[in-house]
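As a starting point, one isolated chain is supplied in structure tokens, in the form predicted alone.
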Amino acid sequence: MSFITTYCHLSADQCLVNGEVICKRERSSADSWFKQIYKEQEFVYPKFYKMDALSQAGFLASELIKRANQGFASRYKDDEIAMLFANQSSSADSDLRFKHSYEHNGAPSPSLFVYTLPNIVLGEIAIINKWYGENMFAVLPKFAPGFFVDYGRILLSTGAKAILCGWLGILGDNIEVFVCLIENEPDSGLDFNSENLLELARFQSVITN
């Protein structure tokens, strides 16, 4: 039996952990929304400022989940924590910025080119945490709870004991991020099934048919 033990949402204006708002966007701020969260939550990881928005979203969600579920990583070996992410737009947010830099600046930006693959966010989180479990980033037409449950169960049956998984919807000002932690060991939380993932995610633009 596996359980959803912690979860995090990032929308265009709010950041929530386990359903509670912990940060609201200040529209008049000179900082981007993700930088506002980073500063307000007092994270310290200078490379954050070099990341693209997709990796910043993954970093923030994973760090907030770790903070809300302190000590979870110590319950598992480095290769027992898997990651399973998906979205609808791949790395299009960075792809478009890279294209713009090429067309308008006369030369492509290497710092943007680094992030023109969606699975870079997995590497960023793995490096920070030294997690060496299985990982996958899928591009799907919409948020699909069944995909996470089916693939997650495969991971849990083949060595993983915890999975950081979720939807990283980032494209311009459209932000729909839902990341959750699935665990076997703490016999508590919500059952890891499609109904509960759908209920928790609550993305009106992607879960409706």
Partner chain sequence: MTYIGAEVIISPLGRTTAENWAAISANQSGISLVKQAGFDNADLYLSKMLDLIDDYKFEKLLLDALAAVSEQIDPAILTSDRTMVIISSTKGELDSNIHDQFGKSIAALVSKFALVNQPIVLSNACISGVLAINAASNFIQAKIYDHAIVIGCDLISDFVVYGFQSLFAISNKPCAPFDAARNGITMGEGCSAVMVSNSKETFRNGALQLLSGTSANDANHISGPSRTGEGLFRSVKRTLENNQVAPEDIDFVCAHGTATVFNDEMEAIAFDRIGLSDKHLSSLKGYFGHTLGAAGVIETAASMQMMRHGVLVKSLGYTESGTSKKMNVISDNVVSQPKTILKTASGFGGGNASLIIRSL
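Residue numbers count along the first chain shown, from 1. Since this is a predicted model, take the numbers as computed values, not measurements.
In what follows, reference is made to the form predicted together with its partner chain, a form of this protein that is not presented.
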Which one of these stretches, 63-71, 32-40, 141-149, 175-183, sits within 4.5 Å of its partner chain in the predicted bound form when only heavy atoms are counted? 141-149
All of Ser2, Thr5 and Leu16 within 4.5 Å of its partner chain in the predicted bound form, heavy atom check: no
Is Arg75 near its partner chain? Define near as a heavy atom within 4.5 Å, in the predicted bound form. no
If you apply a 4.5 angstroms heavy atom cut-off, which residues in 112-144 are near its partner chain in the predicted bound form? Phe113, Val114, Tyr115, Thr116, Leu117, Pro118, Asn119, Ile120, Leu122, Gly123, Glu124, Ala126, Ile127, Lys130, Trp131, Tyr132, Gly133, Glu134, Asn135, Met136, Phe137, Ala138, Val139, Leu140, Pro141
